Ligand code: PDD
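One chain is shown next in structure tokens, namely the form predicted alone.
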């Protein structure tokens, strides 16, 4: 018999299977909400403050004011789920008014606040040794990708297309330039230097992305935040993706063709090691 993990719902901690959300909730009806995903290693939330700051920016961007001690909620949730390596998923919607209407509720409605913690698994040895595969797809998302919106259907369709075609992920292209993967930031390496799209409206301003760039620059690896025409992909020595739940991982095949030598490259290997050492220093644990 398994025990349901502990979740947080509208001010209370309870078992996840006891959480029930109204079908009139605007997050369900309109994707009118935002979310965050925060990793925890050895029971310690990683880069918590930047995640909270991004959540506040997302809430502000959709004109939703919520008074909450987000850091305390997530810290308590990790502790109540036995610490270790986890990730916290936190979602805030505009709540459940009595009437479905596209406009914001005219009467005060309490927002819906939900958070859960799930085990955070290390990438397999196969992935670390051989890398992932990806396809390229058009970026059909909206024009505010810097908001961490729960409206992820375009991402879902991109990822499912990759799965259907036997790949692990999808790399998105908008107006001839590379933007993101289906659920992470995108990088390529050429002649030992890292290139990644600039943090504008076309991409999510990833917290892991900021760590990757910090570590690279602190260790003498040149980094460039620039537009990347899709033609740059063919000449890349390495391609990576990053997110809060997978750190930074190599893509070794794109559209059926090998990237560089078809194996995880030396710049990624160095960055991966730097990232794990950084987590060990900050949280006392690393994959």
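Residue numbers count along the first chain shown, from 1. A quick note: this is a predicted structure, and the numbers were derived from the prediction, not measured.
Heads up, the form predicted together with N-(5'-phosphopyridoxyl)-D-alanine (PDD) isn't pictured, but that's what we're talking about next.
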| query | finding |
| --- | --- |
| Segment that reaches N-(5'-phosphopyridoxyl)-D-alanine (PDD) in the predicted bound form - one of 94 to 102, 76 to 84, 177 to 185, 124 to 132, heavy atoms within 4.5 Å | 177 to 185 |
| Distance check, residue 162 to N-(5'-phosphopyridoxyl)-D-alanine (PDD) in the predicted bound form, heavy atom within 4.5 Å | no |
| Exercise: residue 155 in contact with N-(5'-phosphopyridoxyl)-D-alanine (PDD) in the predicted bound form, heavy atom 4.5 Å | yes |
| Contact of residue 26 with N-(5'-phosphopyridoxyl)-D-alanine (PDD) in the predicted bound form (heavy atom, 4.5 Å) | no |
| Partner proximity in the predicted bound form: residue 37 to N-(5'-phosphopyridoxyl)-D-alanine (PDD), non-hydrogen atom cutoff 4.5 Å | yes |
| Of 204, 213, 167, 115, the one that lies within 4.5 Å of N-(5'-phosphopyridoxyl)-D-alanine (PDD) in the predicted bound form (heavy atoms) | 204 |
| Heavy atom contacts to N-(5'-phosphopyridoxyl)-D-alanine (PDD) in the predicted bound form at 4.5 Å, residues of 218 to 248 in sequence order | 242, 243, 244, 245 |
